[in-house]
Structures are given as structure tokens and as C-alpha cells.
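As a starting point, one isolated chain is supplied in C-alpha cells, in the form predicted on its own.
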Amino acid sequence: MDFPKKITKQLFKRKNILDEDFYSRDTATVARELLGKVLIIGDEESYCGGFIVEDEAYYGLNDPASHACNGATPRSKIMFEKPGIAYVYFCYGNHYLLNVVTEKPTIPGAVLIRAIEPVFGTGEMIKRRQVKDPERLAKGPGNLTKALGIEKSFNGKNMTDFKDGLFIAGFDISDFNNDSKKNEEIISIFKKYNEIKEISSSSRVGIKQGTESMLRFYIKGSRFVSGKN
């Protein structure tokens, strides 16, 4: 279901967009609190996105699964920079992955966004992915970036402002006007993510080192989660 703009424009309000202070904290804490938030790409006239249902936390020198485990390299140096910027890289010569930088500057950290429930601009996502099943559209980090049209040029974008066309927003149910049957249904979806019942954790996916760390977080029971639920 695509949501009416008069409702979703609330997500573009500065008060709802997650700011630098949100990201400049412990990476696992940020990863857990990103669940249920809304990932948006585009502007108020044309945008795609959905509710984050799965992500992974990556640290620095003491995290062997992290790109920053050996310090700042040409690829990983962005993880040491300003919290709230996008870290996008090409994986296995096949697809791009979207991360958001966390922690204080000089302390490396990032959260990999693994899956969303797609609800905004789903028609455009279907065109990009050539997949009609909404549960498969943005399930897995490579599918997510393909659905949203994210590629290398998004690396370094400021995700704490809508001006760069890529951000994550929270929301207040009271902002949404329940004045019709359709709005009722839409608000029920927002309410579901505003009142998440259970967050689960597991080992991160597709890594060979650091498998003992339970740093993959997901909304238990979500049909849009990749991997084990």
C-alpha cells in the first residue's frame, strides 16, 4: 500500500528526522533503536522507503567482522567520521550495501540496514527489482539498495537532513490525522512500529569472524526479515 502524501509529509519534518545526537552513541544501541524507524530516499514529491525491520552493528579494532578492524583505510575511514552519514560500499562485486555511521568522531562504528517493510513508492521498487511480492522487495541488504536505487554516489551523504535525499525518521502517532477508513489502516501500520513488542538478536549474517557477537537485530515475527527469524 502506498501512503497518501498528506500523511507521509510528516516524516519530512525536521523534528522527526533522526539527528547527529541519535547516531553518536553505542553502535548496538543505535541498531536496536533504528528498528521500526522509517528509511526514506527522495524528496517530498517523489520518494521510496519503509520501516526498518532488521540491521547489524559493526564496531572497530575489537570487531574482526568490521571493515574498521585494522584502522582507517581508504574504504573504512568514513566509519571514523561524522555520525549520521551514509557508508555505502560494493559487496562481492554484485551489490551495494547501506550503512549509517555511528559513535563519536574518531571512534569507528556503523549500522548495516538489512531489511525494510516497503510501503512508500512500492511501484518504483517493483520496477527496479522486477519482483512483485512485497515481502521479497527489500529483504536482505543487497535487495534493499536495489529496490531503493542506492549506489556508490550515496556514500558520504548526510542522513540527518532531508536535503541529501536519504534519511531515517521517527514519528509521533499524534501527527497523523485519522479522518478516514484508509487513514485508519495506515495509522495502524505506524502504530505497529511505534509499539514493537519484541526485538531479537543473533549472530551477524555472512561473516567468518566475530560470529560469537549477537549484533544482528530484528523485529521478531516480521515477514520482511531476511535470514532466521
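One-based numbering along the sequence shown. All figures in this text were calculated on a predicted structure; none of them were measured in a lab.
The next section is about a form of this same protein that is not shown, the form predicted in complex with the DNA.
*Asks:* Might Cys91 be said to contact the DNA in the model of the complex, defining contact as any heavy atom within 4.5 Å?
*Replies:* So Cys91 counts as contacting the DNA.
*Asks:* Taking the DNA as it sits in the model of the complex, is Gly221 near enough to touch it, meaning that at least one heavy atom pair lies within 4.5 angstroms?
*Replies:* Gly221: no, not in contact with the DNA in the model of the complex.
*Asks:* Look up in the model of the complex whether Thr73 has a non-hydrogen atom within 4.5 angstroms of the DNA, and give yes or no.
*Replies:* Output for Thr73 is yes: heavy atoms within 4.5 Å of the DNA.
*Asks:* How about Leu34: is it within 4.5 Å of the DNA in the model of the complex, going by heavy atoms?
*Replies:* Close contact is absent here: in the model of the complex, Leu34 is far from the DNA, nothing within 4.5 Å, heavy atoms only.
*Asks:* Each of Met79, Tyr87 and Asn99 within 4.5 Å of the DNA in the model of the complex, by any heavy atom, yes or no?
*Replies:* Every listed residue reaches the DNA in the model of the complex, so yes.
*Asks:* 189 to 197, 36 to 44, 157 to 165, 60 to 68: which one contacts the DNA in the model of the complex at 4.5 Å, heavy atom to heavy atom?
*Replies:* Partner-contacting stretch among the options: 60 to 68.
*Asks:* For the heavy atom contacts within 4.5 Å of the DNA in the model of the complex, list the residues of 131 to 167 involved, in sequence order.
*Replies:* Counting only heavy atoms within 4.5 Å of the DNA in the model of the complex, the contacting residues of 131 to 167 are Lys139, Gly140, Pro141, Gly142, Asn143.
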